[in-house]
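In structure tokens, the next block holds one chain alone, the form predicted on its own.
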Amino acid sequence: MRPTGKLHLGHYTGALENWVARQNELNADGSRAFDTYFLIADYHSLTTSLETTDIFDFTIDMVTDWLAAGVDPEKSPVFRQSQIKQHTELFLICSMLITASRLERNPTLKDQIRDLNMEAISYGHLGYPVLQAADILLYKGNIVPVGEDQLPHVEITREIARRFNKQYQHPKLGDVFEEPEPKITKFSRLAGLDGKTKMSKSLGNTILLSDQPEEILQKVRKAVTDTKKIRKNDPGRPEVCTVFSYHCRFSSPDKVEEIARDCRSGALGCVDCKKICSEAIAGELAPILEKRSDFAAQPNMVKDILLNGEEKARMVAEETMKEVREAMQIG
């Protein structure tokens, strides 16, 4: 995840809760199902902004949210991309294994150029998914939890892994890399409060994980609902309502069914619906908010977690690069 400071609900439902679920998943014998790695993609931040003065503070804010949401540094190394130099080494090698025209066909890149109104992109921005491939392959990643918009990037990673294995074989291991599989997050594109696009801090349409219950209520009150439901007793269309999409994620199934029924009949007005919704969101975030305040009061502990995670990640990354160099007979 790129370090952009405090996280919002879209980050949580689109990635973070899925990460924590994978981290804590167990096999039938009680052993961990996955070795999980959580990467702060600070180099990736440069693809859309060359401003670097806030990256460290943003990193601390983001990691604080990660820890509050359940990321366990004892189970999962938490580390900055820029502090593991093997990322840039493998990125260079991977960039030789894919054509520029293939990267230009990347639909996610096209969407980003459109959304950000960009007239031109840098070489580094074009190669964004190649650096992502290095991020994944460096830790022999075989499962990548992503939203649907990132599926093309996982496919590029798979292509690069195949190309490397075809070009280079390790004398003992054979294939150095396996092709990773995406793990889709159900609520990967949580709608923003404005109802126009997904949550984005740059658009000011977010609810932060660190928001207090009263802040959540004030934000939800401004959320876009069914434009044809003007008065309380007007029948509504929950399927087009932003607030109802939040209910689908944060309210119980029985409550969702009740709200949909009462909205359609006109028995439930938008003011009451928004209040119920904000309470459901605040209820789920309450334990995260409590843990966050504890971690925020101990910034040095957060920094130590980073340094320890980077030491662990560096050992794994260097072992992979040793295999890569041996397969290539380089260095």
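Numbers for residues come from their place in the sequence shown, where the first is 1. Bear in mind that the values here come from a model prediction, so they are computed numbers and not experimental data.
Absent from the display: the form predicted together with a small molecule. The rest refers to it.
Within 4.5 Å of any heavy atom of the small molecule in the model of the complex lies no heavy atom of residue 82. In the model of the complex, no heavy atom of residue 327 sits within 4.5 Å of the small molecule.
Not displayed here, the small molecule is kept clear of residue 321 by more than 4.5 Å at the level of heavy atoms in the model of the complex. Using a 4.5 Å cutoff between non-hydrogen atoms, residue 15 counts as a contact of the small molecule in the model of the complex. At a distance of at most 4.5 angstroms from the small molecule in the model of the complex, all three residues 8, 146 and 150 contribute at least one non-hydrogen atom.
For the options 249, 221, 163, 198, the residue carrying a heavy atom within 4.5 angstroms of the small molecule in the model of the complex is 198.
For the candidate set 125, 189, 75, 140, a heavy atom within 4.5 Å of the small molecule in the model of the complex is found for exactly one residue, namely 189.
Heavy atoms within 4.5 Å of the small molecule in the model of the complex belong, among the stretches 250 to 258, 198 to 206, 82 to 90, 170 to 178, to residues of 198 to 206.
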